Each structure stands twice: as C-alpha cells, then as structure tokens.
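Taking the form predicted alone, here's one chain by itself in structure tokens.
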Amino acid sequence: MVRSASVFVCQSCGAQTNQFFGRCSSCGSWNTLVEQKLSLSKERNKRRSIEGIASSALTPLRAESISALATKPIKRLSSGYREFDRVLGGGLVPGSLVLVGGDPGIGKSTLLLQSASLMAGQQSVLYVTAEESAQQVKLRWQRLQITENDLQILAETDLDLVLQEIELIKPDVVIIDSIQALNDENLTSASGSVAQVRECASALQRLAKKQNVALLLVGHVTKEGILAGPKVLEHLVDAVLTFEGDRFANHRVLRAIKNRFGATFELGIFEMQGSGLIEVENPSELFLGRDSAAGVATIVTYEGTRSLVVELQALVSGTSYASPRRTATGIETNRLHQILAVLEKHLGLPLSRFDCYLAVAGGLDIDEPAADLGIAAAIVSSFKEIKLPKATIFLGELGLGGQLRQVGQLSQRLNEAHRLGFKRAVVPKVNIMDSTGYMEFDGDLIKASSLAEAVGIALDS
C-alpha cells in the first residue's frame, strides 16, 4: 500500500515542516517554503528495516586503527592551468568533488571548458552540459580557438542518464554545468530546488567516490552573492571555489573558500580576453598603479599562500551635508569608520566634518587587518594634501588605542615588495619575524609602535 504525504521545504536552508508558514522558522526567510510530495511504501520500508537489522548482525566490524592504515600517495591531476592548480592545492584529487560558483556571465563555463580541453590531452574528460545544447558549447569552443582534442560532451539533464554515461565511459574527470539544472525524476520538485540539488549532488558524490572520479560542479549564486541551494551542498563537496571579478575590469579572481586538500582563501588570477581566459604571471602589476599623488598608499596583502602588492586610494573633501559620506570599494565600510575614529581621536584630525572615499585599485576585496596602516596613511595624505614617499609600503593593524599590532607572514610580504623594487617599509615595532626577512628586504625597515609615530615618519620623509 502506498501512502502519499507532503512536506514543505525551505529553499534557503533546506528545513522541512509539515505545515506551511510564511516565514521559515529555521533561517527566518520569508516566502521560501515550497510544497514537496512524497510517496512511501510501508511494506518496502518495513522490509528494508528488517533486512538492515539482519545484515548488521552478520556484518563484522570494519573499523581499524588510524596508525595501522597504509599511507598511499595521491597523484593529483593537472587542470591545465597553474593558477587553477594553485587554488586547488596542486591539482585535482581523484574521487574529490569541487564546487565552482560565481555571478552569471563571469566566465565559469569558459574557464572549465578551457581547462577540460587542456586536460583531455592527458586523461579522459566528460563535459556534461545541462544548460546548453552540444552545438552551443561547440560554438563557444570554436570562439575560444581551442585545438582539437578528445573531450567528450554530453547534453543531458536527467540524473539517471548522466550516471549511466559516467559508469559506461569511466572518465578521469567529469564536469557538471550546472548542478542546479540536473533533475532526478524520482522527486516531484522542480530542478534547482533544495531537494533536487541535494539528491543529485549526493548521487554524484557516491559515484565519484566509487569510481575514483574527479568531479567539478558548477553552482549558481543568489542575488546576495552566496551559492544557491542548501548549505549541505557546501558541506558535501571537498572544495568550494568562487570565481569573482568586476564587470568593468578584465581580470578574474578564483578564490578557494573551502579546501580539504589545500590552503583556503588561495587566489588564482586570470584575465579575460577575446580568445578566452589567460593566466596572469605577475598579478601585483594589476593592483599596483605606482601613481604619485596625495591620498595614495601601497600595502602588501596576503591571500592564501600568495603576497600581492596593492595600491590604496583615499579622497578626503569637505562635506555640504550634516552627516559626512563614507564610501569604500574593496574595504568593509565598518572598518573604514573605525579607522576614521582612531585618526580623529589620536591624531586630532577633524574628519567628522569631511567626506571620505576609499578604493582599492583593480577592484580587489581586502578584508585583512594588516591593511589598516596603509588605509590610515592614505587618508592622512589626502587630508593634508601631502604625497607619501615613493617606493614605500605600509603594513600594520591598528588598535583602538592608536597602537600598531603585529602582522602575520611579514617575511613573505617584504620579499614580494623587494621583488617589485620597493625600498622602504613601515612596519609595527612589536612584529616578530625571522632574520631572513630582513636579509631579503634590501631597504629601510622603519619600525613604529603607534599610528602617530608611523604617520609622522612617513610624512616627514
């Protein structure tokens, strides 16, 4: 006998309830509950439970000591791009799941099609296009001027047919574009819903682990910029990569926000051209303008295992409003407010009567506190209309008391600044670093204990 039932599933968090509500009780989102019908057989469930109890009584324990496990070397698969391999931690791990997300039109499909074509020369690759036809992908393939290769392509949205094709071909790498477009006919919900995304990803994960296939999934993002679908999707995969970029700029940033086989927040830099994406060998040149003007300061940010020299630009001007404007691009606005308050308190600058605009050159987003001293120096430089000394970098975190706090990975930051020809560095006096950092940086290393001391040294130079 078949019993039909319905549950209401939240499309934001995946929570389930037996009754419809206008607001999800788990995540607080409004109008996200969607009805989903279930068909369950009592006899089938009863038989499964009995068989499960019987089999568990006969199955011996399979747990073993971790120290007794044999160490097996992992042979990673190259994606064809050094920048892509850097973000992955050295390449694709067989049997792993990688989720690639990004805004529409940012270049996710272009990146993966180019990578798949390069990988097809060394191993078997299956490209599953669930959003486009095979002919449409071929048109993009021709536009990118990719050389002939043995890339296999499948235009299909049915999950069962995709799984059958993977079992038949047994490829080394599978690319699914995209996971939201796949559909499991055993479920009544629409493609892209929480249930569909969860079940399709789980089925692909089981097959990938069984056949030791490296699986790349393309995921959509919501209007808030987060990955669409249930949060369990991000927990299910081994790595989550985001493809970011400014639509007014040509460069693209591939960032790892989760990686079980490498460093998180690692960056890969690409440039979009007419023939597709190309790697950027010296990414610091993208974010370094070397402009000589008041309000311009240079810092070295550390992302993953990479140091990037970045230019900060600040503009302080008189306001005609009761409340001055505060606008920041690439820097969190609350961080800007905090730095302005420290400057007004400990340097006596009347910044509450001035508008302040701050931008990071190249459109890069910086969220680490090591940029505080550079932001403060740029603001003071613009306020006093004094140019900061050339070939000088500023590194340091600001405390609310006006003191400079230590910065991590200072040696690597100074090495990158030295490579690009910088001769002076203003750093916190309390910073702990090894002697190799001093030896690599062939220039003046100015140590300051407070914000006032650091700004005074910089402006007096």
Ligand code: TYD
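Keep in mind that this is a model prediction, so the values were computed, not measured. A residue's number is simply how far along the shown sequence it sits, counting from 1.
Below, we refer to the form predicted in complex with the ligand, which is not included among the displayed structures.
275 to 283, 355 to 363, 186 to 194, 314 to 322: which one contacts the ligand in the predicted bound form at 4.5 Å, heavy atom to heavy atom?
The contacting stretch is 275 to 283.
Let me know the one among Asp238, Asp103, Glu303, Asp85 whose heavy atoms come within 4.5 Å of the ligand in the predicted bound form, would you?
Comparing distances to the ligand in the predicted bound form, the residue within 4.5 Å is Asp103.
In the predicted bound form, the one of Thr110, Ser117, Gln180, Gln205 near the ligand [non-hydrogen atom within 4.5 angstroms]
The residue in contact is Thr110.
Taking the shortest heavy atom distance, is Leu144 within 4.5 Å of the ligand in the predicted bound form?
Judged by the heavy-atom cut-off of 4.5 Å, Leu144 is in contact with the ligand in the predicted bound form.
Check His251 for me: does it contact the ligand in the predicted bound form (non-hydrogen atoms, 4.5 angstroms)?
Although the ligand is absent here, His251 would stay clear of it in the predicted bound form, with no heavy atoms inside 4.5 Å.
Is the gap between His346 and the ligand in the predicted bound form 4.5 Å or less for some heavy atom pair?
Close contact is absent here: in the predicted bound form, His346 is far from the ligand, nothing within 4.5 Å, heavy atoms only.
So, in the predicted bound form, is Arg140 in contact with the ligand at a 4.5 angstroms heavy atom limit?
Yes, Arg140 is a contact residue.
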